[in-house]
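Only one chain is given next, in structure tokens, and it is the form predicted on its own.
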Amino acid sequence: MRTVAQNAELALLLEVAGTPKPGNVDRHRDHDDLRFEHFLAGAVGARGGLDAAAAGEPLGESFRRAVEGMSEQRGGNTQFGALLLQMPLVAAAGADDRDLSPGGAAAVVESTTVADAANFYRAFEAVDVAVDDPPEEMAALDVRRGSDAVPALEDRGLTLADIMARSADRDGVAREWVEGFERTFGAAESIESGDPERPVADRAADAFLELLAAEVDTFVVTQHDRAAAERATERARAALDGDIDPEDLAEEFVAEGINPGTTADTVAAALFVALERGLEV
């Protein structure tokens, strides 16, 4: 029987293996500077932090450790957002007094501390993460400042949950933290109920397309702009309706530099939930 952390690691591996996953690295497609092998190495490297979260270690410290381990490959940022989504879920699944449910994960989020927020900021020193410029009043709390922003965090007494709440209007991962992981658990149900004859990784790719067709990907907004993200969602909806071959759409997105990373992060978290609930691989 796999441990909680082993299921989290396996979820990261299954997520990148799923295909076609338009715009993302998968087992059939690499990007120029980011390859399938980098994601495999990132998942393995993150394991120490996942073990720590499952064992009840502080969430921020566990996340920082996972990101630092993830970064020990040549591609750079592979799973920062996926790990951030997984952490409260892993902590809930590993705790004796909580369960892996929206309520259990929300309780983990609510229990985060200022120290957790500080370690979240320190994690940005391990890899380059594409983020939007913060509002002017939050310039001192720009995550790209890393450790330099910690005094401002401490002065304002901001927990990691507070930081996520301040970003939820423009970041899909933060929104999941704030809204109880609704999309994550919904995608887990989609994967669980998919065609049992299809590989789990490819059922996860189906869930990816469903998620992208339903909601604009905030990483595409950061990468490009809102209009490009809305076009990507419209094209994903057309692929889901059968008007575009998902394989063709995958090639188009890669060529255009459209990378729905937040959607992939959600799938990785959903796979973890599904595996913990008994999905067989």
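For every residue, the number given is its place in the sequence shown, counted from 1. As the structure is a prediction and not an experimental result, all values here were calculated from the model.
Not on display, but discussed next: the form predicted together with another copy of the chain.
Among 133, 197, 110, 96, the residue placing a heavy atom within 4.5 Å of another copy of the chain in the predicted complex is 197. Proximity to another copy of the chain in the predicted complex, defined as a heavy atom within 4.5 Å, holds among 238, 40, 228, 214 only for 40. Listed stretches are 214 to 222, 229 to 237, 246 to 254, 29 to 37; the contact stretch with another copy of the chain in the predicted complex is 29 to 37, by a heavy atom cutoff of 4.5 Å. Contact with another copy of the chain in the predicted complex holds for all three of 6, 9 and 47, each having a heavy atom within 4.5 Å. Heavy atoms of residue 125 never reach within 4.5 Å of another copy of the chain in the predicted complex, leaving it off the interface. The closest heavy atom approach of residue 77 to another copy of the chain in the predicted complex falls outside 4.5 Å.
Interface membership of residue 119, defined by any non-hydrogen atom within 4.5 Å of another copy of the chain in the predicted complex, is ruled out. Contact between residue 258 and another copy of the chain in the predicted complex is not found at the 4.5 Å heavy atom cutoff.
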